[in-house]
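Next up is one chain by itself, shown in structure tokens, the form predicted alone.
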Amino acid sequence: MENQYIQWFPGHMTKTKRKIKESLKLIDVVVEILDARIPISSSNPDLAELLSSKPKLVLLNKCDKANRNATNQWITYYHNKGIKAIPVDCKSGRGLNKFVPAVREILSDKFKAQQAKGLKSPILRVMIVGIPNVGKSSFINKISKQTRAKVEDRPGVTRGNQWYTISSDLEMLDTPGVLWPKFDDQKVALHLAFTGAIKDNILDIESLAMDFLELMQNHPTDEFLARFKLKADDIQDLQPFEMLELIGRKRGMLISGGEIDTERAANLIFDEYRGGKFGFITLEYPEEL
């Protein structure tokens, strides 16, 4: 990435990692919520080692905005690693009916061991982890049928660990979204920025939009072209800034002197992309690992 170098590590995230480590002794299963469009980039590598001692369930959230075939490839990938993955849409609740049965399945051996000793079924405790803006609060609100978890379409809303009772034998610990101290791969940083995991206000939104448009230029979806009344052949030879200007012009985003408001156009592009208006776009596939 030539235009900007993305770096992001708020101080509270160090504290969050410490809290997660302290809470591990209390829980049975880690539930990692990933963005189905970017399963690689939305998985925190700093947490992988920290949580490796516990069984894991993966929720591929925002599957309604991802390519279905790609999501199926990811489910197979995790299955081959011995990890169950479920495609979900935490806002609508799609797929969440499979969550509790999946937790019980993962811990079935623990149940059997308890029963063999003549003990009653234990209370299952799960920890929810995920990067900012991946949908943890929406998930908790749906699964607990409560609205105590604050939901906003911006990263960094949840601040402290919170427990929720899901049923008589299932409790859930929510943790704040955590990013990691250094993005060694700027492709990862870009994908996080595209999907809104990094706050827009710390980024050069126009440069970011040009990176995104370069991606769309190489792999345009019918929906993207239709949104801006473009033809694939017409944009092939354009520079990213020219594409940004073209989109701004087509949406009438002009300022004094007929100049195009490219910042406004950039914000529009990400509003529409994150809103699923450009079709089902997955940015990462298992073969990249």
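Because the structure is a prediction, the values reported are computed rather than measured. One rule holds for the numbers: they count along the sequence shown, beginning at 1.
There is another form of the same protein, the form predicted in complex with a small molecule; it is not shown, and what comes next is about it.
> Select from the listed residues 131, 198, 126, 208 the one whose heavy atoms reach within 4.5 Å of the small molecule in the predicted bound form.
The option sitting close enough to the partner is 131.
> Spot the stretch among 70-78, 133-141, 118-126, 214-222 with residues whose non-hydrogen atoms come within 4.5 Å of the small molecule in the predicted bound form.
It is 133-141 that comes within 4.5 Å of the partner.
> At 4.5 Å between heavy atoms, is residue 193 in contact with the small molecule in the predicted bound form?
No - in the predicted bound form, heavy atoms of residue 193 and the small molecule never come within 4.5 Å of each other.
> Is residue 89 close to the small molecule in the predicted bound form, meaning a heavy atom pair under 4.5 Å apart or at it?
Residue 89: contacts the small molecule in the predicted bound form.
> Can you check whether residue 65 is within 4.5 Å of the small molecule in the predicted bound form, heavy atom basis?
Output for residue 65 is yes: heavy atoms within 4.5 Å of the small molecule.
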